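Here you get one chain, nothing else, as structure tokens; it is the form predicted alone.
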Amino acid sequence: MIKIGNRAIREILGFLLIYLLLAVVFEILNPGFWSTQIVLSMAVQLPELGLLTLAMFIPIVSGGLNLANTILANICGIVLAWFLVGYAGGEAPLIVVVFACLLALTIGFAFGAAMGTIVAYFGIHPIMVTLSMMIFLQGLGEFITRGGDISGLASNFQFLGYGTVIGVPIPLAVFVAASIICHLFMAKTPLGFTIYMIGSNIRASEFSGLATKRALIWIYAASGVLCAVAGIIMTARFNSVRVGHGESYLLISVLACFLGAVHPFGGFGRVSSVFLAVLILQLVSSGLNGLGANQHLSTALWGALLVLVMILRWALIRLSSSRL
């Protein structure tokens, strides 16, 4: 049975209260905001950000970062689309679609494991490793697509982006399932415990006998798999893929982690809080779009919100320290 502490309950209730207040505000400013069409639109858009946020969450908890999450998602989608289009002009049997998805997951795992190996055995900071990988993958993607995009994919593959299962959009079901698996992985497995210990103090973890190097490889491999899942969902929803898809998600995924009370230097963070933070950010995005706000203004607000979150966290830490 999963035990939830008082602090976790307070966090969850706080996020739910914020979500409720924002929902009421947007309904007042834009009557009819909670229409079926908008709710379905949020349910389809939410999983892309959510999966990339989970891909960012695991490295941050370990004291690292994955700056290559969006470009890795695009590379997985590009290879998948290239395979499907090259196989039969975009139409392919179901078994071929399944194989293409497995190929994308394998690529995400391989590149993630490669980043983890470099971090673990060469001692290079994760920011430098993932930044270098981001530049490499961006160039590789431009080479494969010749600077364009790949479109016209199989109709049975597009079903992953728009289909439903018992009335629930497939992308949303995938995100919820990934969140549950990620929560169980982080909270109930020895590797999850090791990840938290690495984020708290990697040297002490090594002296305690924990397999930190192996854990670092699995951290970035798991992040790569989540990126691949996000790439599959994005490619299916847009029915096309190019290198620049979802570039803004890099900033927002970091913002969602910090808004979800993940410690920026690692060692602490809950999937449940991050899940609710993603819901809030998607609500804000949809609410601003409903009010006709400029897209660039929305991006500026994400940056301002990130700065505000860091200032508030600093203030809370100082307040707690002064009470102690």
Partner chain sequence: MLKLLRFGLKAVAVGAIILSLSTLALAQDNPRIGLVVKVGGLPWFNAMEQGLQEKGAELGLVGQMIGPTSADPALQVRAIEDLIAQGVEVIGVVPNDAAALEPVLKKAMDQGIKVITHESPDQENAHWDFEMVSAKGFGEAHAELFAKVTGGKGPYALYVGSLTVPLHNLWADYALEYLAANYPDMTLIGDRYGVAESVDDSRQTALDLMAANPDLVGFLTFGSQGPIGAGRAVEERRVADTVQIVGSFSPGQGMKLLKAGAIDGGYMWNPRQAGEVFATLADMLLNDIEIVDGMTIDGLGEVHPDFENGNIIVDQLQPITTSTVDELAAMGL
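Just so you know, these numbers come straight off a predicted model, no measurement behind them. Residue numbers count along the first chain shown, from 1.
Keep in mind that the form predicted together with the partner chain is missing from the display, and what follows is about it.
The chain is drawn here without the partner chain; in the model of the complex, the stretch among 184-192, 119-127, 234-242, 105-113 whose residues come within 4.5 Å of it by any heavy atom is 234-242. Contact with the partner chain in the model of the complex, defined as a heavy atom within 4.5 Å, is made by none of P93, E142 and V174. Although the partner is absent from this view, Q138 stays clear of the partner chain in the model of the complex, with no non-hydrogen atom inside 4.5 angstroms.
Residue contact check for S155: none of its heavy atoms lie within 4.5 Å of the partner chain in the model of the complex. Shown alone here, S248 lies within 4.5 Å of the partner chain in the model of the complex, counting heavy atoms only. Interface membership of Y162, defined by any non-hydrogen atom within 4.5 Å of the partner chain in the model of the complex, is confirmed. Taking a 4.5 Å heavy atom cutoff to the partner chain in the model of the complex, the contacting residues in 135-162 are D149, S151, Y162.
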